[in-house]
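As a starting point, one isolated chain is supplied in structure tokens, in the form predicted alone.
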């Protein structure tokens, strides 16, 4: 089965934007209609392609079949909060509105609010992706991403329990209100139940899409800290039933020429030896393949440099079509 959605994750600072941009560019160069979705608050994707983007898909200049969508996480949280306020404000008494607003404001200051709002936008993108053959997500650092991707199963069960409680409360209200007469079927058209049912369907769609139509690519640097983080991420993703196609090792130090001597050359050789050992360790310990080793570039990875990086990452090796 084709893996239409590619999520690029890893520890903060390992170069996810470079890898995701190169992957998206490679897909587009292969003739696939490709959307690159960035969640980087710094909007690094705009720097990679030397072009501003927004929260609507925009074609990339000079690259046929490639579009970019930049999601602003902070704005998503704000809009998520406003939507909830509107919905609940229409369902509670006027005297409760201020209290509801206060509780929502407090809830949206918790760590999970960021992931929940971002998750909703990811689902929107996946649901509206009919016009694209491939969608590449430049995700947040690994910890946040794993919390994000664990939400569908957790929240679906939570919504199911809320539905059960809501049905019980409506049923009790009917019995108390009408005595022994025929129930008025308040469950039908109940706005809270309708909202919960919609959320449950949304979570079910997300879980199915993530497990059946998505693949994860992990990015690491050739050092022990990054390797340990990758091992933990791989274990968690696998336990969640998510497919990991492979690992990209980024920022590998180039070997100095054999004739080069001096302090700088000795430092580089020692560093290269350490990095090669970490890469060998990654190949031996990780349960997915290392699909690319990308050397550190002197300048920014843009333009022709990005195109060369795209050639070094094999989409087939990531198992995007299995």
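Numbering follows the first chain given and starts at 1. Keep in mind that this is a model prediction, so the values were computed, not measured.
This next part talks about the form predicted together with a small molecule, which is not shown.
Trainee: Among 247 to 255, 201 to 209, 128 to 136, 229 to 237, which stretch sits within 4.5 Å of the small molecule in the model of the complex, heavy atoms only?
Mentor: Of the stretches listed, the one contacting the partner is 247 to 255.
Trainee: Look up in the model of the complex whether residue 301 has a non-hydrogen atom within 4.5 angstroms of the small molecule, and give yes or no.
Mentor: Although the small molecule is absent here, residue 301 would touch it in the model of the complex, with heavy atoms inside 4.5 Å.
Trainee: Going by a heavy atom distance of 4.5 Å, is residue 14 a contact of the small molecule in the model of the complex?
Mentor: Yes, residue 14 lies within 4.5 Å of the small molecule in the model of the complex.
Trainee: Is there a heavy atom of residue 280 no more than 4.5 Å from a heavy atom of the small molecule in the model of the complex?
Mentor: Residue 280 lies outside the contact set for the small molecule.
Trainee: Might residue 295 be said to contact the small molecule in the model of the complex, defining contact as any heavy atom within 4.5 Å?
Mentor: Yes - in the model of the complex, heavy atoms of residue 295 and the small molecule come within 4.5 Å of each other.
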